[in-house]
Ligand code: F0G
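Before any questions on how it binds or moves, here is one chain, the form predicted alone, in structure tokens.
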């Protein structure tokens, strides 16, 4: 009997409930141990703001963000050592140029010196957003940039340049529907906006995946429909492309037309619909630092605003340095070139997203109300449902309190993305204006934690949910009226 015929008598390894990770640990770092009392004392000193809490004191999981906290691969660490720190035209720049063309398409990176500039490197995503919005803020008055969900600093960059950031969430975002694409833009609301005010919309912005809306992905059908609507009015479409590879995985696995299609091909089809994109490579670039702004050389944005690319180039040089390093070290650029090769691999994405899904399922089984289905990078707890049956009110900012208690009592750090982060204080009416969403996000860093780490978070959240009636609200001691207030504020328990 041949070995292959013998294999057919056993269940396929792909059908087993548990499978080995597609990677192994290259090195480990031992944690320092701190008590709950020590953590509570520090939290009291920093005004219950988890952003100010020293990371070395986090004895559990640090799920504040998935941005820039990836555990890099040995290939990336090796690439760091051959980084060229030349001020102009370092070797990594050319490797990165070729990889960006391969990943997103040749039309997003022109040949420097031979064609008009259309690819701009920055030290991180928000700098690339600022470069874009600084230039288009002067295209008219009372401008509006609609999105399926602007993230905090994206919206802040838009508002800082005198424009309005408008979120057009899907209707079923907060429902219990099994729709895998709750990150979609609400196309009917987009049509209504453009029918009334197309002259006030310099571009449409689509976030993949939709971080503000529970980390939910966007379908290829929605991408193409939004492109058709925007282009029909002569308006360019841009991606906020931070989690493009994770979004492509959801398209591959949940849109019938794309079953069996390679992730690389899906990515190129996604980007075939847009006229440009901004990106923070600290997510699906699998690196600790990096961002970019890319404009399609034959796209609507280039044709509609022909002088903008040169102004962005001047902005980049003034703010970030020579265009061939754009605020990044040569080492960072080398690591990024390697990271972009890994991030579209099917085995990596399948493990990454299944880890987040299993984490979410653990929360759900423990009775924690989360946004379902889970997205690709985080589990989002519905704060309003979490505190149902208690006296918690909107201006008690239960999400802020929940994050502080979780960190103090159990050593896990999460992030409030709800009434405080996305809300604002109306000085004239002296009341809080609350947003449509009220979540606490548990963002899972890539390649960093294992199942037992995330299981510990689930157990901690169950303990808090079982005792939710004793979690107090918070009073804003400082920063209630500030912009980007969640980064700056101080709180006290009521």
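Positions refer to the first chain, counted from 1. What you are looking at is a predicted structure, and each value in this text was computed from that prediction instead of being measured.
Beyond what is shown, the protein has a form predicted together with the named molecule; the following relates to that form.
- Within this chain, residue 273 is remote from the site of the named molecule in the model of the complex, having no heavy atom within 4.5 Å.
- Interface membership of residue 302, defined by any non-hydrogen atom within 4.5 Å of the named molecule in the model of the complex, is ruled out.
- At least one heavy atom of residue 129 is located within 4.5 Å of the named molecule in the model of the complex.
- When the named molecule is considered in the model of the complex, residue 244 lies well away from it, no heavy atom lying within 4.5 Å.
- Every residue in the set 65, 124 and 240 has a non-hydrogen atom no more than 4.5 Å from the named molecule in the model of the complex.
- None of 184, 374, 211, 421 but one reaches within 4.5 angstroms of the named molecule in the model of the complex through a heavy atom, and that residue is 211.
- The partner is absent here; in the model of the complex, the one residue of 174, 153, 118, 73 having a heavy atom within 4.5 Å of the named molecule is 153.
- Look at 85 to 93, 280 to 288, 405 to 413, 191 to 199: in the model of the complex, residues with non-hydrogen atoms within 4.5 angstroms of the named molecule sit in 280 to 288.
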